[in-house]
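The chain below stands alone and is given in structure tokens; this is the form predicted on its own.
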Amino acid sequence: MQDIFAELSWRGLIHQTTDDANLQAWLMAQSRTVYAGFDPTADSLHVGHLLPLSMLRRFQRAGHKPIAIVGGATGMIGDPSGKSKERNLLTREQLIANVESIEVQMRGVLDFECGQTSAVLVNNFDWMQNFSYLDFLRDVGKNFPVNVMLAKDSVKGRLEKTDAGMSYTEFSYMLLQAYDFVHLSKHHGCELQIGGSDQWGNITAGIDLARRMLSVQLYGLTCPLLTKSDGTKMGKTEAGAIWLSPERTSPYRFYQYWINVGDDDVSNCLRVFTDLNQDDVESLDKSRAEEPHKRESQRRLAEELTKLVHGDSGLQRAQRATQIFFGQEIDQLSDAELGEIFEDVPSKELPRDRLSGDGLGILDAFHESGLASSKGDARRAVQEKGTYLNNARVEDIGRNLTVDDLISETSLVLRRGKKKYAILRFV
């Protein structure tokens, strides 16, 4: 067995355990079954979910068996942990669609076909739907002291807020998640639950419930919440969360997020997310300290995570898009791909018939795009060899643009100098 506890320790991935003294030896003694839960509140996981998902992956590679729970039942209620107000409840149809989408993403990170340590994917709705309300109260609720629930930080913090409080529905969430651990212990031999530090109360509640119902000893381990050096959440931007779904966050934008991680945060990201060993991470740390302008750490981080989430093809597309933005000649792209690469670049729509007949003069194009203040300004820029069409230098001031110059269904890209871009869209 690989020493997963030592691995998690040097990576800074252990925040709390239920047995600091003996957990390492217990994990080394034999292969264990470990689980983490994911509530399907959206049709995609985001960067915050990538941490526990990567943790499961590490356990699997160390010789343990991972179980990923998609919370079809608990997702109907919503976890109150770390929340200042109650979540909006999703419809059954929304939850089903979300669960199906999330399953695809999990199968891309965990190995479901590797023998005894093959990952298992379960949905807690499958066993919770069989409970009547009275059965649940009789079989589960009687083993759950209310004073223990009230003492949990996730509950206590909400009850202390005079403007929020907590509904009985949310209060019941802890019972449902605790029973997940009981069910997985009984039917899958699961002995360890992992999660973020905000899940400590739910994890210990499950351990206590299993002791009362099954007379078994279970264990818990939490990792730190993913935050940047300034205390803000990792994986959040002004535009919103960084999602694992390519439909929500393209491979290019995903790659760019990690390329732009600050020097103060990149070392921690390399440790907690990637499979790079300690020597490799420390080598990148040294390189960054000596030559920070090369951004080798950020580039390696972006490559490793984009490949993990989006595969080789997604990484190649992201790298190609990055090269295009920084000057590589542009070949054929779709409007959608072009929009992702040049999301923040000014654009202007013109009638498509401007490209018919003799076409649109290159000087007019630069003037219309706003990259030149006049046709005379555009002429000087061309003569000074500072203008580009689709990242190829413009040499001829008399050139006319036609539909053959479009590099997507509707658009072409103009550039002046190294960084001033504009998009003309012909509709």
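Take the two forms, find the largest set of C-alpha atoms that superpose within 1.5 Å, and that set is the rigid core. All residue numbers refer to positions in the sequence shown, first residue = 1. Fair warning: this is a prediction, and the values are worked out from it, not measured in the lab.
Beyond what is shown, the protein has a form predicted together with the RNA; the following relates to that form.
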Discussion item. Can you tell me whether Arg295 touches the RNA? I mean in the predicted bound form, with a 4.5 angstroms heavy atom cut-off.
Written reply: yes
Item to complete: Find out whether any non-hydrogen atom of Arg11 is located within 4.5 angstroms of the RNA in the predicted bound form, and reply yes or no.
Response: no
Worksheet item: Within a 4.5 Å heavy atom cut-off, is Gly63 in contact with the RNA in the predicted bound form?
Response: no
Practice prompt. Mark Thr237 yes when one of its heavy atoms lies within 4.5 Å of a heavy atom of the RNA in the predicted bound form, and no otherwise.
Written response: no
Worksheet item: Which of these residues, Ser118, Gln328, Thr169, Asn260, gets a heavy atom within 4.5 Å of the RNA in the predicted bound form?
Response: Asn260
Worksheet item: Taking Thr322, Gly386 and Arg393 as a possible spot, do all three reach the RNA in the predicted bound form with a heavy atom inside 4.5 Å?
Response: yes
Discussion item. Using a 4.5 Å heavy atom cut-off, which of 64-72, 29-37, 372-380, 51-59 contacts the RNA in the predicted bound form?
Written reply: 372-380
Discussion item. Within 4.5 Å of the RNA in the predicted bound form, counting any non-hydrogen atom, which residues from 387-419 show up?
Written reply: Tyr388, Arg393, Arg416, Gly417, Lys418, Lys419
Practice prompt. Would you say whether Arg32 is displaced between this form and the one not shown, judging by a C-alpha shift of 2 Å or more on the superposed rigid core?
Written response: no
Item to complete: Would you tell me if Arg11 moves between this form and the one not shown by 2 Å or more at its C-alpha, with the rigid core held superposed?
Response: no
